[in-house]
Ligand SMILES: CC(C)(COP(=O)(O)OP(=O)(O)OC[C@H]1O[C@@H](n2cnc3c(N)ncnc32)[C@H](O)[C@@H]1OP(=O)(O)O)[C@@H](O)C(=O)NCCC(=O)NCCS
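Starting off, we have a lone chain in the form predicted alone, written out as structure tokens.
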Amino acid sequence: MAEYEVRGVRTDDELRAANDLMAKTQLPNYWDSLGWLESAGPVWADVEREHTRVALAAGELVGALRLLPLTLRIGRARLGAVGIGWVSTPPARRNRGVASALMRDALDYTRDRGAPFSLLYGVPDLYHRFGYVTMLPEYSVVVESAAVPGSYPGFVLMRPVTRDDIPELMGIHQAHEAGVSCSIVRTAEHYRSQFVSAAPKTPYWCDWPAAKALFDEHGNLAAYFMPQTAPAELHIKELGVTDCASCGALLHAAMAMARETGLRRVRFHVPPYHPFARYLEGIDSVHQARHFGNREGMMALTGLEACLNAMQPEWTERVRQNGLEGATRECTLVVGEAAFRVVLEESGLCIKKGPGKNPLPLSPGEFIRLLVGYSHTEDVLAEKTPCLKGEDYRFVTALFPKRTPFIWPIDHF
């Protein structure tokens, strides 16, 4: 296998060559891809030049990828992650270890910066060999236009979203994300960067200039949605609501837009925990969840101790909610060859390194799926520690509730 030098780009010429390679190998439309890489990608929050990584063989560029620093939420916990995208090798260089060299560098980069997770949207049956496991289903709700006739009273204005709306957009979005798993924490800078895009037409790229804001009779921004027209249906790839009335207004506005464009149905890309998805349970609609095997939304563990320490605020609150405060409980997470005790004492919950009581042996992939709530804790415990009973069992299930891991489409990368 050839030896490759893998590093961040150093010059404008290297960056142009890397962008050209990634645009040629990733998506059918070269100019859309290049437009995003050159205009939108560089201005994303916290992205620096070194986040474009290149593989060189005797000075020749033979591979490239992009890194994206992220913060994920699991309930009250905030966990650092680095997203990987645009992994590219020219056809003549494939099956020669270039992608492996790029991936090893990306994982080392993530570990060196103390981020607990690496995240990517992977092609089938490739990235599991680097320790990634699938844990991000896709959710959507389909509504036929005939199921929602007429208009919705009480909302007096619909206009395009602007940068001036960012504070309200953030507030509406955050109100429904507090307790969820894996959604990306958005900042004002995050929103401002997403308003810059030269290629908004692919399913997972942001298009805030095309988004619509709905205002109530008092002039308050009550709902918003981001439409995208496709041959068979209207996609709503981002939305937010404030109450039941705003759900009705958003639904009718989206259906009216579909009818105006000659489309018979609307697909709302919304997770089941969201109030708008629950609102749609009251009408004729199809709620879909798509799970993947060894592809699409995948995660690898890059820092166990940092992950456990970051989970303390969430686990402390879970203990309180389950009435376990003041008790003394312990669980030892044995992840690969590392052991950490999660100890509940009268003084609170703490993480201690080393072996202890109630060991729960897990592979890194099993730990990820348990942590984010993709796996059912009861099933994992029945397989791994069938003798765990009573209050110890209750303690572990309190730490690892079933959740709905989800990243909004416009936050894909």
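All values reported here derive from a predicted model rather than from experimental measurement. One-based numbering along the sequence shown.
There is also a form predicted in complex with this ligand; it is not shown, and the following applies to it.
Only one segment in the set 116 to 124, 166 to 174, 240 to 248, 270 to 278 has residues whose heavy atoms sit within 4.5 Å of this ligand in the predicted complex; it is 116 to 124. A heavy atom within 4.5 Å of this ligand in the predicted complex is found for one listed residue only; from Thr134, Ser285, Thr110, Ser88, this is Ser88. Residue in contact with this ligand in the predicted complex (any heavy atom within 4.5 Å), chosen from Arg290, Arg320, Arg264, Arg94: Arg94. Proximity of Ala211 to this ligand in the predicted complex: non-hydrogen atoms within 4.5 Å are absent; the residue sits far from the partner. Mapping the unseen interface onto this chain, Arg159 falls outside it, with no heavy atom inside 4.5 Å of this ligand in the predicted complex. Taking the partner from the other structure, this ligand in the predicted complex has a heavy atom within 4.5 Å of a heavy atom of Ser100. Looking at Ser375, you'd find every heavy atom of it more than 4.5 angstroms from this ligand in the predicted complex. Using a 4.5 Å cut-off on any heavy atom, the residues of 15 to 29 that reach this ligand in the predicted complex are, in sequence order, Thr25, Gln26.
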